[in-house]
Each structure stands twice: as structure tokens, then as C-alpha cells.
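Each of the two blocks below gives one form of the same protein chain as C-alpha cells; they are labelled structure 1 and structure 2.
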Structure 1
């Protein structure tokens, strides 16, 4: 491994991570630390087995290289004692790993009393987080530091998987089913509490699966309460929120990539062919496209693909401004 790669890895999570920790990102919960402990233990057992097997293999290959073409090896076709030994020892090691892991599974599964519940919903291709007071955020998960948080995980469409590597846990978001796990998280080391694109979808869910990422913030309890209260009453007309809440990016990319609908990058000012006529995309066109998508469907797309959206004028204006900014 090059030192450059180690340095790159060590930046993940802001903490000091490298080969000494098997490249695992910073562990932010007690459970994550326990899992790392088990991981370390199994890795060391595996390393010993690995070195044993590979060393014997290489030693035998070198030591017993044939020097005379007609020579034969020893006519030994087995040894019961040896075979019993190398059956029992791995079995005992595995029993040990099994028992140790089993007791841990119960600890991880049972949430403590007094948990703060956050409802997590996966959809193509965004994460929605709903807090107990009814506030919602999109692709922006915030949790209070040092409190027991229980995630209840749902899906709106297909199977997703809610994964935060720093917590060492993922659970699939399965339609028609509630899955859950709980955490009690510390802040990231290094004073930073915001972690971009660290809530990851780990179950393949279609075209934009790779980009189904959300930010994670672990906030001091007071700050968190203030934020979650403000979030409930805040007028929800800013473009980011509107775009996420209406799932626009399910069909429109913002980076020029192909999807079901036209990309927003460079859309403003572009010339589109509509019913054989050239039309320039301006504010009016975009506003109409949101409220009445089938009015002027450009060539290459069919009507009926996009639902008509009812929004406050302020929200529409902000989204149009947002699209304008994507040049």
C-alpha cells in the first residue's frame, strides 16, 4: 500500500485511520467500537491461519521441489491423529467466534429505554428523515449527540439499505416492513460535526443508486433541539427542500447525466424542439413545465411521464432560480 493511499484513507472521517485499524472509518458509537473489537479479534485469528497455511504452502513447495524426474514422494496416504487435530482446532476456534458473536447480536438488537425515534424513509433516490415533532429533512440527517436514537426504517418504492459506516450498521429499507436499529453517537473527532454524503444506500436500487447519499450531522443536544424546532416552523420554499421533498431528482439529474427527464444542467437558455418548433427555455417555460408538464413536452420525451405539481409561487420561483444557477 502506498503511503499516499494511507494518507487518503486516514482523512476519511477526520479521525486517524489506517492499516492499524484495517482502514475502518472512525467508530462513533459504543456498538461500533464493540464491533471493531470483534473484528480485530477475528482478523488476528484469520491472520494466524493465513500465515500458517501460506507459509506451509510455500515452504513445502520449495523444500520438496523435485530434483530427479523419476523420484517419488513418501507413500503416506493419511494419518488419523493429524486429521482429528486439524478438524478439532478449527472447530473449537469457530465455536468460540460463534458464541462471542451471538452474545453481541442481542446487545446490538435490543434498544435501551428512552429512545429518540427518527423515521427514515428510502425512496428513489433520496432519504427522508422525520423527527418526532413532525419536522422533515431530506438527505440531511441530524442526530443529537450522546442520546439514544432509534431509527425506524421504511421504503416508499424498492429495497434500499440505510448504512452509516461510522456506526458499523446497515439495515435494508424494505417496502411493507419496518426495520430498525439504534445508536448512541459521539461527535466526529477533530471538532467537525458535519459529514457529507455519509449516509449511504447499500442495496442496489436503480440508475442513481450510487448517488443516493445523505449528509450526517451529530449535534450537541441543545443545538439539535433548536434546529429541529426551527425546522418544523420554517417556511419550506427553499429550492433544496422543494426539490428533495417532491423527488425531482428521481428523474432529473443536476450534473448533465442521463435520466428519465432532461438534465437541469445547462437547461436554462437551451433551445428545445416542441411540436416541431424551436423554443428557448426561460423562466416562463420552466414555471409552466412544473405546473403543467404536458403542455410543452420537448422532443425525445413523452407526455404523461411527469405529474403536475401544485406548489406555492415562492417555491416555484426558487426552483426556477435554482435551475438557472446550474449552468
Structure 2
């Protein structure tokens, strides 16, 4: 493995990884560390059994190889003692693993009474996070360190799967249902504790599934409280927030792909046929398309598909500038 590849692996999740933890991402919760311990135990048991079986196979091949063409080995069909041994040993191992992991399963499924609830909503193709005071963020999950956090998970459209590798838990987001899991992020020592694009959709949900990523940041409790209070009152006019909050990318791709509406990639400056006439997509056209989408529907697309959005002028301007940047 090259040094560059080793460096890349060591930086996954913002923490150190290596052979000692089977190159898994950094474990950020006590539950994640317990799961790693279970995983490691199973790997070592399987490794020992593999080596034992292969070693016995080689020994028997050498020691009991046929030395005379007319000589046959002793048949052991119906040997009750051998069958009991090779059945009982795996059964005892499975029972041991089952007992060891049962308490862990209950711990994951039953949240403690004192939890901080965050509503998680998956949609094509973004994550919305709503905090108890009503503040919302898109593709930016922040949680307080050292506190019990319960994620209540929903979906606006199709099945998604809410997965944070550093927590070792993922849960489906199913339309019409609430699913959940809880975590308690460890007290961290300094640093930004920010993990870029570590909130992942683990269920294929459409042609932009791979772009359904969010950042995770674990903050000291006081800083988190200040952030979530400020987020409630912050004007939400930046392009990323407006685009995600209104689900624009559900119908408009940003990579040139086909969807229900025209792709935004290369759209600005493009000439389109509208009502039999050639029209150039400029700032004025885009602004009108946001507030009156059926006024100049381009050829090849249907009217009535897009709602008329009422936005602040600054929000519209920022979205137009964003579309202009997608060349």
C-alpha cells in the first residue's frame, strides 16, 4: 500500500485507524466501541477456527496419506462421539456470542429517559435536521458532546437509510413511519470535531443517491446551545439552505442528469424554446421561473409540475447566482 493510501485511510472520519481496529472508522460513542469489541471477538474466533481446521487438514493429509493402493482408511460414518464434538463446539460458541451481545442490543434499542431529541428527515437528496427549539439545518448535523441524543427518523418520499459510520448504527427512514436510535458522543479532547460528509444514505434512493451526504459536528454543550439558538433566528437566504429547504434538487439535477425539470448544470446562458420562440436563460428568466414557473415553461417539460415559490429577494438572487455557477 502506498504512503498516500495509508494517509488517506488514517484520516477517514477524522480519527486514526489501523490494523488495531481492523481499519474501521473512529468510534465516537461507547456503543460503537462495544460493537467494535464484538466484531473483533468474532473475527478472532473465526480466525482461530480457520487456522485450526486448515492445520488439521494439512496434518491429516500428510500423516494419513495412502501408502498402499489396496489399503483403505477406517470409516467413521456414524461416529457419535465425533458428531457430538463438531456440533457442540460451534453451538457453544454461538450461544456465548448471543449472550454477550444481548445486553448490547437492548442498550441500543432502549433510549434512556433523559435524551435530547433531534428530528431527522430524509428527502431526495438531502438530510433535514430539526432541533427541539424549532431550528432547522440541512446537511449539517450538530450534536452536543457527552449528552444522550435521540434521533427520530422520517422520510418525505422514498426509503432512505440514516447512517453515521462513526456511530456504527444505521436506521431506515421509511415514509409514514418513525424509526429511531440514540447515541451519546464521547467527551472529545479539543479540535473542531467536525466530520465532513459522514452522514450517509445507505439505501439506494435515486440517481443522486451518492450525493445525499451531510456533515457531522460534535460540539461542547455551551457552544451547541448558542449555535442552535442563533440558528433559529438566522435569516435563511443562503442558496444551499433555500435549495434544500424547498426540495429543488428533487426535480433539478446539478450534474447534467435528466429529471423532471431542466438540469441546472450549464442552464445559465442556454437558449431554450418557449412557446415556439427562442429564449436565453438569464437572471430575469430564472427569477421569473422561481416565482411563476408556468409563465415560460421550456419545450419538453410540462406545466403545473413546479409550485410557485414565495421567497425573499435576497434568497432568489442567491439561488440564481448558484445556478449561474453550475457551468
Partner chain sequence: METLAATGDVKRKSFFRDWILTVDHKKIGIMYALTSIIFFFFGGLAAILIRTQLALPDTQVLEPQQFNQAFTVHGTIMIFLWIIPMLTGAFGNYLVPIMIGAHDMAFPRMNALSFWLFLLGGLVLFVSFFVGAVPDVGWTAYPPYSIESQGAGLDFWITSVHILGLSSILAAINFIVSTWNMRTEGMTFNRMPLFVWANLVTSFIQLFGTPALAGAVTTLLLDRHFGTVFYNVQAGGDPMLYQHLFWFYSHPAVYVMIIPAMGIVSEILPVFARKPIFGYKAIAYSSIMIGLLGFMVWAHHMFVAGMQMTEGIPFMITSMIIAVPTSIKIFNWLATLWGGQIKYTTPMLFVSLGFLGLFTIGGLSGIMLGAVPLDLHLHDTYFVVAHFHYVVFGGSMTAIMAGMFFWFPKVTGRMYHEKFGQVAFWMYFIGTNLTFFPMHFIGMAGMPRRVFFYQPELTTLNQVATIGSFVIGIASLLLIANLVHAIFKGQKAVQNPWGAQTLEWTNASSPPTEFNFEEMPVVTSDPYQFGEKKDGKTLDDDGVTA
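Each form is matched to the other, and the largest set of C-alpha atoms that superpose within 1.5 Å is called the rigid core. Because the structure is a prediction, the values reported are computed rather than measured. Positions refer to the first chain, counted from 1.
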| query | finding |
| --- | --- |
| Matching structure (the form predicted in complex with its partner chain), either 1 or 2 | 1 |
| CA of residue 31, rigid core aligned, shift of 2 Å or more between structures 1 and 2 | no |
| Large Cα move at residue 56 between structures 1 and 2, threshold 2 Å, rigid core | yes |
| Core superposition between structures 1 and 2, C-alpha change of residue 45 at least 2 Å | no |
| Angstrom displacement of the CA atom of residue 276 between structures 1 and 2, core fixed | 5.3 |
